[in-house]
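Listed next as structure tokens is one chain, alone, in the form predicted on its own.
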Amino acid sequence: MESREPLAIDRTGKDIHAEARQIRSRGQVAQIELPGGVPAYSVIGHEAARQVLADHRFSKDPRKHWTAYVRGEIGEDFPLIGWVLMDNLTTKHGADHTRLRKLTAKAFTPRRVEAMRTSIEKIATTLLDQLPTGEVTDLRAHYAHPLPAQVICDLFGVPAESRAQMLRGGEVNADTTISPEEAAANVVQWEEEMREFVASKRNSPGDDLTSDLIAAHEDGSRLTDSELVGTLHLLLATGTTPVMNLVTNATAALLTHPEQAHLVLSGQVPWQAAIEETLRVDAPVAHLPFRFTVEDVEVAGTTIPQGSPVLIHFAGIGRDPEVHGETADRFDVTRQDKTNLSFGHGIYRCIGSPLAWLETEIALSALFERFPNLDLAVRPEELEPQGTFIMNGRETLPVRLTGQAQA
């Protein structure tokens, strides 16, 4: 393949899927340039991603394995510095990652997640009761976001008066349009808020997962304060925004494909199929940083040099034509093969995916049962993207809650 200049990533994420096609035209693995002129690699082929996600030669620890960072060439002026400074599962490698995963995975056992079903259904009902029937409303702001936000904050015992500010740190961290100064300031503020929260839970433990994590241990090991703060950063952020995007993307897809919405609402196709197809064709996380090669690694014919940063393009992987053929870009709930990696794979599969699945199924089924005549209030092409290349969602989802809401 001919040598090309790295593709500069659009930090505004104005067209995630068009950019994915550009990257894919360069191969399953392609050189890219991140904001700040930082060179990196994007993995966009399905098979290449399976290899990388399960390969121990790809670390998540920049302090040990990102050559440019170790040398001091990446400073606080790097626009994505927040993804480097966290101390949690996203920045651990090897035994450290295994230890943290075992400690935090206990929060999301199948039994514990299923026990949350009734509370999630109550949250969905309350939010739907508050939506203005017969009016245009932003479903993202008034339903898709507050539902997972309340669930995750209830789970971790975040007091009501602190929730908006604590969740905002994760939202800002995923915003790739902010300045390096704003990114660095957000890390400082976010960490301070989390440290104060952890301290309050140490002093007054409750019946919540934060208190459980403080008390948890694995082979005599407990989470350090830094790891607790970082883990809360991770779980509060990933417990809110991806679920919000999944609910938003699925709703938008169904409203723009009425014939497929009919199949789901009539029971001919289960909600699980609609959710899986949304995960495939419109993954809620688009282009996720970071992994780092611990040695030179060849993937799909491309050698990624030791110490290089690597991003996984989940939004592109689900549309790989080598897996899904010429219709890879098409939303089709009847598709037999909905294979995707949108919740990860191997040792880095998302530990919160069972909760995300449960929340999304409850949110969508309750929404369309209450408002079967739900309608998009703008033309599909008028839906604005989220404004980041890391996440894949809509900035708003204006809908018209037409017809008589069902009791």
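Everything numeric here is computed off the predicted structure, so don't read it as measured data. Throughout, we count residues from 1 along the sequence that is shown.
The same protein also exists as the form predicted together with a small molecule; that form is not shown, yet it is the one meant from here on.
Novice: Leu228, Leu89, Val333, Leu139: which sits within 4.5 Å of the small molecule in the predicted bound form by any heavy atom?
Specialist: Of the candidates Leu228, Leu89, Val333, Leu139, Leu89 is the one lying within 4.5 Å of the small molecule in the predicted bound form.
Novice: Tell me, out of Arg57, Lys338, Lys60, Arg26, which residue has a non-hydrogen atom within 4.5 angstroms of the small molecule in the predicted bound form.
Specialist: After the contact test, the surviving option is Lys60.
Novice: Looking at the small molecule in the predicted bound form, do all three of Tyr41, Ala49 and Val299 come within 4.5 Å of it through at least one heavy atom?
Specialist: Not a single listed residue reaches the small molecule in the predicted bound form, so no.
Novice: Using a 4.5 angstroms cut-off on non-hydrogen atoms, would Pro284 count as touching the small molecule in the predicted bound form?
Specialist: Looking in the predicted bound form, residue contacts with the small molecule include Pro284, since a heavy atom lies within 4.5 Å.
Novice: Please determine whether Asn249 contacts the small molecule in the predicted bound form, using a 4.5 Å cut-off between heavy atoms.
Specialist: Contact check for Asn249: no, nothing within 4.5 Å of the small molecule in the predicted bound form.
Novice: At 4.5 Å between heavy atoms, is Trp190 in contact with the small molecule in the predicted bound form?
Specialist: No, Trp190 is distant from the partner.
Novice: Quick check on Phe292: any heavy atom within 4.5 Å of the small molecule in the predicted bound form?
Specialist: Contact check for Phe292: no, nothing within 4.5 Å of the small molecule in the predicted bound form.
Novice: Please pick out the stretch from 377-385, 343-351, 41-49, 27-35 that is in contact with the small molecule in the predicted bound form, where contact means heavy atoms within 4.5 Å.
Specialist: After filtering at 4.5 Å, what remains is 343-351.
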